[in-house]
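Next up: a single chain in structure tokens, the form predicted on its own.
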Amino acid sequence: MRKFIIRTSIFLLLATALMAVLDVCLTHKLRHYDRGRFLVWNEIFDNHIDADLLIMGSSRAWVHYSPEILDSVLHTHSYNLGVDGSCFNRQYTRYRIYRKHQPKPRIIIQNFECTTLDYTTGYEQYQYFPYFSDPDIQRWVIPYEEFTIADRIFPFYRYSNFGVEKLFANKLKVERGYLGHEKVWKVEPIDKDNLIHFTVDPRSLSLLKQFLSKSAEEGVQVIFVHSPIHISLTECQDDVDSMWHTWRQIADQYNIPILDYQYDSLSYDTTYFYNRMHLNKLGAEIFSRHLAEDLKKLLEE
């Protein structure tokens, strides 16, 4: 029995050591990977971004706002912090971590839609895997995401459980956080009996107010923008007025300007979308130029 215990202990120690080595090696590789979900995080942690204009929001920020076009009109250095599939709680977490490694911007564009003030956890959580040792990830991400105890404790387990090959499957190349999708309209069935509801989660609302208060203290200009969505999506929202009332109340409280493109001319033409929620690259570049001109006028007032 004693020999069995000793052999088992040695095996477990060797297995743990092997897993730890694999964890370090894979983490190092992902920390230098320049594709997919890891590129922006790597640039936040390791590069000197030093943007004076930041774009925040969900996937609609990620694929709608071209830093290159904004900079060509505004003469800024911008960066897109859009987080796919995420409400404001995750958007703010990325911004807080960004600010731990980068200087404050001069201007922040906060894109919003009917789901911004909802609350997101768990979606694409693998993007955080290489940064588990970072104290801010440990503080602001790991406790609030759907990680198991094994993910947190055992080396390499989170990678093997997810699938190592999947980590490198996303080869999308983003530029300063922006991804212009070369896609055409995908016909989607419209179920007007299954309406989209405007949702306010108290946790996200509290974080938004914290963000706006802190930005005001630091002299950072925040601008709310509702970028275009296809009109068929707007028609599936049953409380658009409630959404606008809430965001205008917040804007008035914190003296935030709002730029509204929900009913922009782009919104009526599928040529500029790849689905009801997202502009394709052609639409995003037209929108980015239009927005840049409007921002220029706004900032000159």
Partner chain sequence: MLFNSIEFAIFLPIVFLLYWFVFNKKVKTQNLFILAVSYLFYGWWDWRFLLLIAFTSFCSWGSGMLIYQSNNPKRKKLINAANIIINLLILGLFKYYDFFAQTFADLFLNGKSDGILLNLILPVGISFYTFQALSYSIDIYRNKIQPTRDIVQFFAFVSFFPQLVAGPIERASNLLPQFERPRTFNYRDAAEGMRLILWGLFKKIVIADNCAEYVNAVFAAPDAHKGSTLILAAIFFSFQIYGDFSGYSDIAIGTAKLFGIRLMKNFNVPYFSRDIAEFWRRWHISLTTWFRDYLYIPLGGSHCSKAKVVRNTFVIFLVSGLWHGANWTFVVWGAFHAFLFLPLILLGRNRNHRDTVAANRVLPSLKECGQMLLTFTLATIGWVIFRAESITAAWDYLASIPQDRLLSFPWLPSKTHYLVLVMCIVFMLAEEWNHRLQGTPLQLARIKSRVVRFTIYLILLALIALLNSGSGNQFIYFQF
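Note that the coordinates shown come from a computational prediction; the quantities given were computed from them, not determined experimentally. Positions refer to the first chain, counted from 1.
Unshown form predicted together with the partner chain; subsequent notes refer to it.
So which of Pro135, Gly122, Pro143, Gly163 reaches within 4.5 angstroms of the partner chain in the predicted complex, heavy atom to heavy atom?
None of the other options qualify; the answer is Gly163.
With the partner chain left out of view, choose which of Val184, Leu172, Val187, Ala150 has a non-hydrogen atom within 4.5 angstroms of it in the predicted complex.
Filtering the options by heavy-atom distance leaves Ala150.
For the chain shown here without its partner, which stretch in 151-159, 78-86, 111-119, 220-228 has non-hydrogen atoms within 4.5 angstroms of the partner chain in the predicted complex?
Checking each option against the 4.5 Å cut-off leaves 151-159.
Within 4.5 Å, heavy atoms only: does Arg7 come near the partner chain in the predicted complex?
Close contact exists here: in the predicted complex, Arg7 approaches the partner chain to within 4.5 Å, heavy atoms only.
Any non-hydrogen atom of Lys3 within 4.5 angstroms of the partner chain in the predicted complex:
It does: once the partner chain is placed as it appears in the predicted complex, Lys3 has a heavy atom within 4.5 Å of it.
Is the gap between Ala20 and the partner chain in the predicted complex 4.5 Å or less for some heavy atom pair?
Residue-level check for Ala20: no, no contact with the partner chain.
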